[in-house]
Ligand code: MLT
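Have a look below at one chain only, the form predicted alone, in structure tokens format.
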Amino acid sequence: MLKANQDYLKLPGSYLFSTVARKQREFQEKNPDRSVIRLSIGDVTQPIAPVIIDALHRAVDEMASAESFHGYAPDLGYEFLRKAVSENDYKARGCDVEPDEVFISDGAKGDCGNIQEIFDKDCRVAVCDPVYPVYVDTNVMAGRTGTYDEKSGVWSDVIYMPCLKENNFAPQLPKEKPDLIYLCFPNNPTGATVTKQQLQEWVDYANRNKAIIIYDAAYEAYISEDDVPHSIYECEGARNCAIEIHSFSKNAGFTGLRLGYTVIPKELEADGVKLHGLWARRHGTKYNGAPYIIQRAGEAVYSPAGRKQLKAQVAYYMKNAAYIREGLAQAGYKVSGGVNAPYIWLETPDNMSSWDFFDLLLEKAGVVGTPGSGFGPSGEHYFRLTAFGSYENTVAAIKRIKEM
């Protein structure tokens, strides 16, 4: 009998950011004269850096000639980009990652969601709480999470690692033994980070327990403090227990271009099976590669001019983050984040629910943020604002919030 995938039917409601966008749209339809400032979804607003635009133009021109035309990309990605990633993101930091361990993709979100496919359905999953929803939702779709308790917001077969104010929003080692551990630092949504020593503890834990860490490093370009690692491969033994996922969206503004990569060391195993080969098989079967012109744009990210221009863009967003953080603190809010990440995590006033605060902020100030409960049960009574808006809108939004 023909049936829909029953695991998809377990998903509660719609995707978090789809709900936020719908509520904003409905508000604007009812209030067409009100201006709304979006500090919700982590979408960049600054234009693509000039050196990257130049690379795009050159690559487009190549596609107009039979001699320089490019069709399907190689399974792992073009050698020029994989080599640039290996040399600049890893070997320059003392990490042993070779070009053929780098898999180019069209973004970190897809890789974060798809990576679970190479693991058995019975694997136990551990996630930070609050957490980027994709980690949990894609495991729900795979039938790995058990049943959902609507009241608590908890999946029965997921191991939750609460990230609380008392531990600076960093997770503690789980008491139950997981098979897959999702970590994201700098963290989305809290903006929290861990030191190299703290991350080493996670690597040691994973190796002791034969677990795999799926490490989302999408925001590493925003790290400003010296003792915060940019890659999990800075830790000893990480090649034996960790997969790392990167994005070009946040460091280079590629949200509209789509480019990312995943690193799987060749020695990484699950029950004696090499995971590098499994991901290569999955990649080659289900994916035709990021476009040539986009991969050339990615290569320009690592040029001297690219590094300089993107450093200025990151500084622009972090100026916004500092303004939000300081402005909210002046207004009496309890805030964190915004130092090594473009997200500010604030406590809702008077123990208000995060969705009630969403409605209040939209109605009174015309500002859209993201309710913390959408990231997991420990996100309730918290709220996320993003620094990815324009500086002018950021200033205007904080002024409105102060005047509420």
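Numbering starts at 1 and runs along the sequence shown. Since the structure is predicted, the reported quantities are computational estimates derived from the model, not experimental observations.
This next part talks about the form predicted together with the ligand, which is not shown.
(message) Contact with the ligand in the predicted bound form for R124, defined as at least one heavy atom pair within 4.5 Å: yes or no?
(response) Outside the cut-off, so no.
(message) Within 4.5 Å, heavy atoms only: does V36 come near the ligand in the predicted bound form?
(response) V36: no contact with the ligand in the predicted bound form.
(message) Given that the ligand is not shown alongside this chain, does N188 nevertheless sit within 4.5 Å of it in the predicted bound form, heavy atom to heavy atom?
(response) N188: yes, in contact with the ligand in the predicted bound form.
(message) in the predicted bound form, is there a heavy atom of the ligand that lies within 4.5 Å of any heavy atom of Y391, even though the partner is absent here?
(response) Although the ligand is absent here, Y391 would stay clear of it in the predicted bound form, with no heavy atoms inside 4.5 Å.
(request) Name the stretch, out of 347 to 355, 333 to 341, 360 to 368, 36 to 44, where some heavy atom lies within 4.5 Å of the ligand in the predicted bound form. (result) Checking each option against the 4.5 Å cut-off leaves 36 to 44.
(request) For the three residues K83, Y261 and R307, verify that every one has a non-hydrogen atom within 4.5 Å of the ligand in the predicted bound form; reply yes or no. (result) Zero of three within 4.5 Å in the predicted bound form.
(request) Would you mind picking the one in Y233, W279, Y182, Y132 that has a heavy atom within 4.5 Å of the ligand in the predicted bound form? (result) Checking each option against the ligand in the predicted bound form, the one that comes within 4.5 Å is Y132.
(request) Only one of F169, Y160, Y90, Y219 comes within 4.5 Å of the ligand in the predicted bound form by heavy atoms, so just point that one out. (result) Exactly one residue meets the criterion: Y219.
(request) Note that the ligand is not shown here; using its position in the predicted bound form, name the residues of 101 to 128 with a heavy atom within 4.5 Å of it, in sequence order. (result) Only a single residue, K109, comes within 4.5 Å of the partner.
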